[in-house]
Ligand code: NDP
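Next comes just one chain, in structure tokens: the form predicted alone.
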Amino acid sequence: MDQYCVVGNPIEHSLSPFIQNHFAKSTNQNLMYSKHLVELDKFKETIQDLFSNGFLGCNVTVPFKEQAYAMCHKLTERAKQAQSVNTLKYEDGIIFGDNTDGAGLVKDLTVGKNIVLKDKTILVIGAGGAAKGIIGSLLMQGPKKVIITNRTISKAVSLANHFQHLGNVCYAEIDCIAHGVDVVINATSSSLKGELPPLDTSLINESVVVYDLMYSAKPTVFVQFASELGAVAYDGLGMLIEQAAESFNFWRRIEPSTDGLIETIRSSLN
């Protein structure tokens, strides 16, 4: 069997093995997908050992995506934009790197949720690695504008400058944004701590779509907050599944169906 895996720290609760083995079964691919806990100071060594022992690829989770980017011989354009890698492929001694996060988010929004991003104003909260992985893909959808906001505004400025060649992207202080936004994406990890970003409640109403990149068995605090204000709100489970499908296609050149997986996984989380 061809061997693939996900690496990270922590890794115990990763859903990737369930998802990728489901894809393998549904597409009749003879592969096995596992998970590996990596010591914080041994990422490069671990990846080299996996590939030396016959693994053909792996997914990379926090906190190793930038280290994965640094060790690739060849990168996809979207990995170059994100300057981080969540998918590695090993062929003939060459390590290929991709970042499927942005494509996964866009696929879940536009296909899974039937949300039109073209000519819309999109607010991205956060300017860390998660935001960097999605902004390029969002800009490729032709939005009217992407606004980046962050507690440390200098990081938002830097990120806007990094992506300005792809479309209309700018930055703003979070307390200066009060209206005119169509889509709000929480790219911070605040929901993992049960916290909300300092967002003006006037931004959220029934005409706004809200998306939290985090997910959990119950609605995240951000999803619950937005729903109570009348917005249509989603968590990031669909993105997780769609980015996994992008990874599978990167490895096997087969696009697996994701139909019904959100419901299956959601029920297992509960």
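Note that the structure is predicted; figures quoted are calculated from it, not measured. Start at 1 with the first residue shown and count on from there.
What comes next is about the form predicted in complex with the named molecule, which is not displayed.
Residue heavy atoms within 4.5 Å of the named molecule in the predicted complex occur in exactly one stretch of 111 to 119, 127 to 135, 87 to 95, 72 to 80, and that stretch is 127 to 135. Proximity of residue 107 to the named molecule in the predicted complex falls outside the 4.5 Å heavy atom cutoff. Residue contact with the named molecule in the predicted complex: residue 172 places no heavy atom within 4.5 Å of it. Of the heavy atoms in residue 197, some are within 4.5 Å of the named molecule in the predicted complex.
The named molecule is not shown here, and in the predicted complex it never comes within 4.5 Å of any heavy atom of residue 157. This chain lacks the partner; the member of 187, 139, 103, 184 within 4.5 angstroms of the named molecule in the predicted complex by a non-hydrogen atom is 187. Taking the named molecule as it sits in the predicted complex, the stretch 137 to 171 comes within 4.5 angstroms of it through a non-hydrogen atom at 150, 151, 152, 155.
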